[in-house]
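Coming up is one lone chain in structure tokens, specifically the form predicted on its own.
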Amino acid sequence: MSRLQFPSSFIWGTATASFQIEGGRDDRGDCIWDDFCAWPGKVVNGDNGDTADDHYHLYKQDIGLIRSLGCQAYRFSISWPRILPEGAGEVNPKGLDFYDKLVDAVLQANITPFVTLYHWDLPSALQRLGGWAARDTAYRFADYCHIVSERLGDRVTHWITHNEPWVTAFLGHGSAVHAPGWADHSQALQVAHHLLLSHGLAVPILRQTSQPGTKVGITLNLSPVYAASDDELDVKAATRHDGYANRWFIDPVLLGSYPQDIWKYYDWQVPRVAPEDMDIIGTPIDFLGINNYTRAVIAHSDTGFLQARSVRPEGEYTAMDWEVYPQGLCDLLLRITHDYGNLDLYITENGCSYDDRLEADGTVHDNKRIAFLNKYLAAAHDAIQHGAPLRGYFVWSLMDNFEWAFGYTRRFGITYVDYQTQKRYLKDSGLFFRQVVTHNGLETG
């Protein structure tokens, strides 16, 4: 046996999101996911986030769980409609008080909060005014960030503006499988632009209203893209997919411009961009959060938005039907380092869903998840050895939760949640992760 040791300053954490775990429905305004859950047929079993993991009431217990893992950091998100039930205007003091207490409890456990300001729960009141398709929403987001950072910025030193704007734009507005449920690719591109604009507007606000030395970043879901063959048409299709899935978001943030190859391909569908927008979007950030679960293998297609189709290679797949391909994480981290420079990187989400079973003695033997984490952590270590400035890793997720359109039918947690009793059970993968954190590394071979 040999040990892969991570740098001594490496940060280990776990991640959650407000709508997926909080519950506390009576103490916040409506959001687009409440509306989507009420839309018949959109969410498996008609599930909703009204109770979820009841973290709103059980947060102290959950922080104790994080502390028991030895994690140095906890990534969680703020619910915009809990702060501003109408999206703007009157502030809900109970909402700010909740996050005030949450941040204090996290710090008292000697854990660093990494706070995400938007994880998909746009207030319904703003959606009725056009949602992210309306440019004004970017400015309302900046106002919301100001309110939150004024209250918490004396203690929060790591802010993440958005989680996975690609999902909001293209799953929410391009394919309609996420809230708000629109299917218009041209509008999805405009939504993507407004999300990026809102990020750029928020960055200086978060710095100005927080303590000196505060770090501000964004989290993008990025997947390495491989051509299905060496055929020129497949290679070009893979390049287009990379522009759509990765570069359309990372280039504006880090380079201040949209990738010109895919911009030209989109033709008349490109978003309306004001003269100052790209300078705002390109405001320098301190770190990039990366959510990675799998890879994309792409072939040419004669039809479709991108004239590209996904290929399903032979291999191992999770309950989400996502391929287990750890080398892709290493390839991705090195590609970002090569193409975009020496910016601090964090894996802000990585994990897997399997059909876990709670045993009579309260154990959950999720060996497939342990194998997954072991392989992906080894890939992350390999990337560091080859020069990637990876500073930390957040496993997704602390506990099973509401998995969006899949409701409660998919379990990603290293902690099992019995939704009927709200009792938590640390899975074998949680015990494994605790050992990784304790030893700042993992055994291989």
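In case it trips you up, residue 1 is the first one in the sequence shown, and so on. This one's a predicted model, so the numbers in the text were calculated from it and none came from an experiment.
Not on display, but discussed next: the form predicted in complex with a small molecule.
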Checklist outcome for this item: Picking from 168, 291, 137, 79, the single residue whose non-hydrogen atoms come within 4.5 angstroms of the small molecule in the predicted bound form is 291
Checklist outcome for this item: Assert contact residue (the small molecule, in the predicted bound form, non-hydrogen atom within 4.5 Å, options 158, 119, 173, 369) equals 119
Item to check | Proximity of residue 163 to the small molecule in the predicted bound form, heavy atoms at 4.5 Å | outcome: yes
Checklist entry - For residue 317, is any heavy atom within 4.5 Å of the small molecule in the predicted bound form, or not? => result no
Checklist entry - So in the predicted bound form, does residue 403 come within 4.5 Å of the small molecule, heavy atom to heavy atom? => result yes
Item to check | Contact flag, residue 349 vs the small molecule in the predicted bound form, heavy atom cut 4.5 Å | outcome: yes
Next on the checklist: The chain here is shown without the small molecule. Which stretch in 250-258, 185-193, 119-127, 370-378 comes within 4.5 angstroms of it in the predicted bound form, by heavy atom distance?
Outcome noted: 119-127
